[in-house]
Structure formats: C-alpha cells, structure tokens
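In the form predicted alone, a lone chain appears below as structure tokens.
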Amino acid sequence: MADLLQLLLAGASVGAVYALTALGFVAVYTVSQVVNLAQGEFAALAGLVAISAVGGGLPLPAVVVLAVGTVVIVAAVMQRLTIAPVKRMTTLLSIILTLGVSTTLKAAMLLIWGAEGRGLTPFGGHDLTVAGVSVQAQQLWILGVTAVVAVAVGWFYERTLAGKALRACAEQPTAARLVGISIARASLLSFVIAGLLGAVAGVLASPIYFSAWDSGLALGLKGFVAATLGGLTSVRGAIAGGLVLGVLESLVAGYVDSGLRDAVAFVVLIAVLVIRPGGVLRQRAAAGI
C-alpha cells in the first residue's frame, strides 16, 4: 500500500505540472484556435531564468517575479510578431508558426545556458514521512500552488470582466466583436496568461525535474495531451487531464517498466483521437472555457 501511495503522490505532483501547462494550451486555443507548441519552452525558459537569478543572489520572491515577467514578455512579443499579423489563422498554420518559435527559443536557450540540465534550489520546507510514504516539501509546493492557480484561473474567467470577455471570444467570437470586444487584444491577453502559467510550471518543477534547453519539448507535448483529454477547451478538463496523465505515468513506471513512462502520453493521445476526439474529460456544460 505504501508503494502505491508513493507512486500516486509522485504522479500527482508531476501531473500538476502537466495541468498548468495544459491550462496554457486551453487559454490560447479557446480564444484564437492556435495550438501553441512553444508552451513547453515557456516553462523551460522560466526555470533557466530562475536558476540564473538565484545564482546572481536574488531572493526567491524576486526570482519568481523575474522569471514569470520574462516569460510573459516573451509570450506577448511572440503573439504580436507571429500570430497577430496573420489575418486568416488556421490550426495547421498556427502549429507551423509556433513550432518555429519553439525551435528559436530552444536555440536561444542552448546558446545562453548550454546543454547541461540544471535544477533550481528547492523551496523552503521539510520533507515528511507519512504512513511510510516519503513526501518532499517541493511536491507539496507544486500541489499547493497548482491548486491556488487553478482556483484563481477559474475565478478570473467566471468573475472578472476581462475573463468574461475571453469566454465570449471563445464561445461566440462574432457576437463578441459586435459588442465591442477586441479579438486581437483578447488573443494577446490569452498569450500573456499562457506565458504566466507556463512560467509558474517551470519554476515549480525545476527543483525536482531540472530545466534544460530541450526540457520543454516533453513537457509541452504532455501538457498538450492533458489539454486534449479535456477537449482543449475546458479548464477543469485540462486540470483533471494533467493529474490523470501524471498518475498513469507513475503507475506504469512503477509496476510495468520505467522506460515506458514517456510512451503513456502518446498512447493516451492516440486513444483519445480515435475513440473520443472531443475529449474524454470534457464536461457537457463546458462550452468554451
């Protein structure tokens, strides 16, 4: 039983990182139908910036602000330079454009930080042992911050004027234009949100899973699979998808073969696309966000 609980905890912590990444995909796709393949690079960039900032002697709060701010700016510039100029955006074109941005970011990170993976200093706290299960303080940070962010994102879309405007653009873009909502500004805001979510995921995960110039590739793909489980349009579905994917990976690695961990996401993706392309965990009432 202790082994099972240990695997579930490990899966939930990595699944929380997938969930944050998946929320970034959902934020962008619902507004502009753009599949942002650079989402994983947002996380990798945030982790590397945070590591450099810690090396420069900055305190943790300043490090987090700097890392998140840097990625948000990169996401906004990306939207203005590659997405906004396109008048007729298609999903295929968005994949090509964001893949180009992803490749550019990876090359820049390789040039600046080199090929070696690095880990951010763990956040404060003490590791625990509960009922034979080892609980790392960083895992609690990941789960706790993810829960807070998930609630904040839900509150933003449900309660704020800007969030309701994004929902309107996602559900009825023509009607949104008629009432004066700028789709271009909504798209920019969605990329800012995606950058923020990706940066939080990258900073939280770095102490355990390390950051490297190419670490965003796997994270981005798994975040996309998690978002796909929710139909790419559901906040709750993306969160649930990330947790389910993380737990499945952990169980397969623990009980079958650790070498099959990375294959789980792609098996799940194929199954979803074949059996239920609308998303397994998507709620019927979750039109748009």
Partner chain sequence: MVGTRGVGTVAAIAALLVAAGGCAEKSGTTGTGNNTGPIRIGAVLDITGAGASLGVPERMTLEMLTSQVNEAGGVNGRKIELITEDNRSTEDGAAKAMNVMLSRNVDIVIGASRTGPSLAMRPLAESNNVPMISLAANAKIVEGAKWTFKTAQNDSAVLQNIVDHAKSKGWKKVGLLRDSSGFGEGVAETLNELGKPSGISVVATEKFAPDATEFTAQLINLRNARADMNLIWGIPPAAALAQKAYQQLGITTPVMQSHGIGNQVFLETAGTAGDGLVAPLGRLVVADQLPDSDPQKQVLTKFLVDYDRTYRARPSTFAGHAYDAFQLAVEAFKAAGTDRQKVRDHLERVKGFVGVTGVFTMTPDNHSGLGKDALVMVTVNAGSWQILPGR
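Positions refer to the first chain, counted from 1. Source: prediction; values computed, not measured.
From this point on, the text means the form predicted in complex with its partner chain, which you will not see here.
Remark: Ser134 counts among the residues lining its partner chain in the predicted bound form, judged by a heavy atom distance of 4.5 Å or less. When its partner chain is considered in the predicted bound form, Val72 lies well away from it, no heavy atom lying within 4.5 Å.
Of the heavy atoms in Ala253, some are within 4.5 Å of its partner chain in the predicted bound form.
Although the partner is absent here, Ile208 sits close enough that one of its heavy atoms falls within 4.5 Å of its partner chain in the predicted bound form. In summary, the region of this chain contacting its partner chain in the predicted bound form, judged by heavy atoms within 4.5 Å and restricted to 46 to 54, 237 to 245, 254 to 262, 62 to 70, corresponds to 254 to 262. Although its partner chain is not shown here, in the predicted bound form the stretch 1 to 16 places heavy atoms of Asp3, Gln6, Leu7, Ala10, Val14 within 4.5 Å of it, in sequence order.
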